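Below sits a lone chain in structure tokens, taken as the form predicted on its own.
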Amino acid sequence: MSTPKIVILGAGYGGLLTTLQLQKKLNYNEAEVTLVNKHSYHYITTWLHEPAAGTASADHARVDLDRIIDMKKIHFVKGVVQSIDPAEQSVTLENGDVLRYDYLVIGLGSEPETFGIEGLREHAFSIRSINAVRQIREHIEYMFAKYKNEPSRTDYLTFVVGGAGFTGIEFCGELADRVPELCKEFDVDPELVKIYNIEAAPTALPGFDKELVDYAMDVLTRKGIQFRINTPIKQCTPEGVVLATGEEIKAGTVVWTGGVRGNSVVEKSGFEVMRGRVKVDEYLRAPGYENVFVVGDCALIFNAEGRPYPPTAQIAVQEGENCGENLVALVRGDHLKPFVPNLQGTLASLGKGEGMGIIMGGKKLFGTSAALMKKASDLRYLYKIGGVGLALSKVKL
């Protein structure tokens, strides 16, 4: 029997953890493992709000793949996936290369979900990649510099953050921390800077504990964030946003954090999807294809009450570990293990030294203790993928 070919698309949390499991558990001759990724690095999505605001460098959120992957055991292909043909068991890259597989893992991440809001795709930034957050940071600095040349244009100093989910809230916290530094650097009156966080749902952090939501909003309000809750954005223009209430907010910068959908390649390749995500079986396999696994933002899994789990880093990591173990089992003819999420809580940063969240057992954390617990969680992930050396090199107190 020929050596099975395993192709993994994407080195996000799910794809990377699948790869690392295979690297660790398979012997050299058991399978031919290929990892395809757009970049030669993995980035820590849950840190991207920091470099976007400019409170950390973009490099802090990236990890070079050759630092954590044994390139002798894993064949790495730097490329962009154009299409998947599950019938032919092949993947076509943008450069025309075709990869054949016996087993496929789709971990292609997400794209911004604009909910049909006019102009959002054209005029708003989104926190979704290393290059995207570099662009946001440079744009923010440019707005301050531009204001100094056109002091009548206070709209250059107005920032709209669309969406008050975790990314939106965390970005607001970092941006509020960065504003005093920018005002000092560009000699701008801090009173002129306005940051609006706009959310269509009746509450910030929809579905989260009310006491924690109230705490987060209180902290951010004290930092100068102005909330517009239960207020959808109707239109995004080159001049700012128009709200469903009719109010227009003129802003030089609009950052959209209001939702994601699965990568469009998955739907275009003929897989059955809901908002770009594949409703997988208990082994994370795509319906109708026992050799195709889906992890991370492209996978849709439901809890016992029939509600979908949110596409979080925590779940993607666990999916990747389960997927890797199951691929080893398939190669060796063993039984598959169903995927059961082990939710260990949720933590959010609210700027330097501030945070809130809920950990295992339902214990709520506020302020410094939540911020420290979030750093501990980040360090645990870095240790998992790259050992002590990586964790120590990335620690940011």
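Counting begins at 1, following the sequence as shown. Please read all numbers here as calculations on a predicted model, not as lab measurements.
Separately, the form predicted together with a further copy of the same chain exists; it is not shown, and the next lines address it.
In the predicted complex, a further copy of the same chain stays beyond 4.5 Å of every heavy atom belonging to Asn291. Under a 4.5 angstroms non-hydrogen atom cutoff, a further copy of the same chain in the predicted complex has Ala145 among its neighbouring residues. The shortest heavy atom separation between Asp189 and a further copy of the same chain in the predicted complex exceeds 4.5 Å. Interface membership of Ala132, defined by any non-hydrogen atom within 4.5 Å of a further copy of the same chain in the predicted complex, is confirmed. Of the residues His139, Lys279, Arg275, His123, just one reaches a further copy of the same chain in the predicted complex with a heavy atom at 4.5 Å or closer; this is His139. Think of it this way: in the predicted complex, a further copy of the same chain has a heavy atom of just one of Asn95, Ser152, Asn149, Asn303 within 4.5 Å, and the residue is Asn149. Of the candidate stretches 227-235, 181-189, 99-107, 306-314, only 181-189 has residues whose heavy atoms lie within 4.5 Å of a further copy of the same chain in the predicted complex.
Contact annotation for 33-64: residues with any non-hydrogen atom within 4.5 angstroms of a further copy of the same chain in the predicted complex are Tyr41, Arg62, listed in sequence order.
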